[in-house]
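Given as structure tokens, the chain that follows is alone and in the form predicted on its own.
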């Protein structure tokens, strides 16, 4: 009996191929989607669902960060860019298609006794003004500061919210996507970082050893983002050039539909309808 893992690997291999999965190059429309690692798994699931209903379409979903999504869409290297933030003023050359909402949470290992954190403390930790958890009432253990790599929208939002400058951050570890951050925290009880609330909640639900810390007195949960009172939240977008093909627009319309909302919620993000 074919295992679920093998089945999924085979299914993933079908996404984005010029040929294969029973179709030739001439019979398929290929749509390239690149960008934010936060939302790539969600759009990967949407792509597979869409392909099952549109056999003539193949979607190639690749990660690399929101900056890559913007750059690839602008240069025509991708039909669609994935961006997990709002548009900047100099990005009005692209068309922004909102799909969902998310928040950013500070996370620590589940064994860390710290139960909440405020912005002043986050700043002090990331400047190395507080170097051990004992300074916060925790164990006498060094704090491992994990930061996001340049070009990641999560980094931009973290810096904007905390008021930190990039040069002030004294990181012990620099990571790329959310999964890297979650793995780093699970493997180090002294670590702290910030990741997508949706991704972190999904991981906790899977039984992984991490905790989302309330920020400035507000729980870091999808429900508080939905309610509009969590302080560090963001829109999740797809972006295109002004003249996308009809097939690209049909896929984007699907991602914004009630049918796709269940996929959004399965990834612990908040659909447009909420």
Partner chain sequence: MWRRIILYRFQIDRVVRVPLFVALAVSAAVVLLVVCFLVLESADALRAIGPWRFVSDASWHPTRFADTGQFNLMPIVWGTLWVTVGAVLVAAPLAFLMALYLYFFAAPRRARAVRSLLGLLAGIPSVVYGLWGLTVLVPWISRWQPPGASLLAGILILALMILPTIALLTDAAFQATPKASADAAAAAGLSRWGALRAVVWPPARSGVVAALVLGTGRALGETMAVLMVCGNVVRTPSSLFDPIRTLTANIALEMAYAMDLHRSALFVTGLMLAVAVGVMVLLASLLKERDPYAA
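Residue numbers count along the first chain shown, from 1. Since we're looking at a predicted model, the values are computed, not measured.
From this point on, the text means the form predicted together with the partner chain, which you will not see here.
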(request) Using heavy atoms and a 4.5 Å cut-off, decide whether 65, 144 and 166 all contact the partner chain in the model of the complex. (result) yes
(request) State the residue from 74, 109, 123, 97 whose non-hydrogen atoms include one within 4.5 Å of the partner chain in the model of the complex. (result) 74
(message) Give me the residue from 248, 70, 232, 47 that has a heavy atom within 4.5 Å of the partner chain in the model of the complex.
(response) 70
(request) Answer for residue 172 alone: is it within 4.5 Å of the partner chain in the model of the complex, judged on heavy atom distances? (result) yes
(request) Could you confirm whether residue 134 comes within 4.5 Å of the partner chain in the model of the complex, counting heavy atoms only? (result) no
(message) Is residue 162 near the partner chain? Define near as a heavy atom within 4.5 Å, in the model of the complex.
(response) no
(request) May I ask you to check whether residue 138 falls inside a 4.5 Å heavy atom distance of the partner chain in the model of the complex? (result) no
(message) Pick out the residues of 172 to 199 whose heavy atoms come within 4.5 Å of the partner chain in the model of the complex.
(response) 172, 173, 174, 175, 176, 180, 183, 187, 188
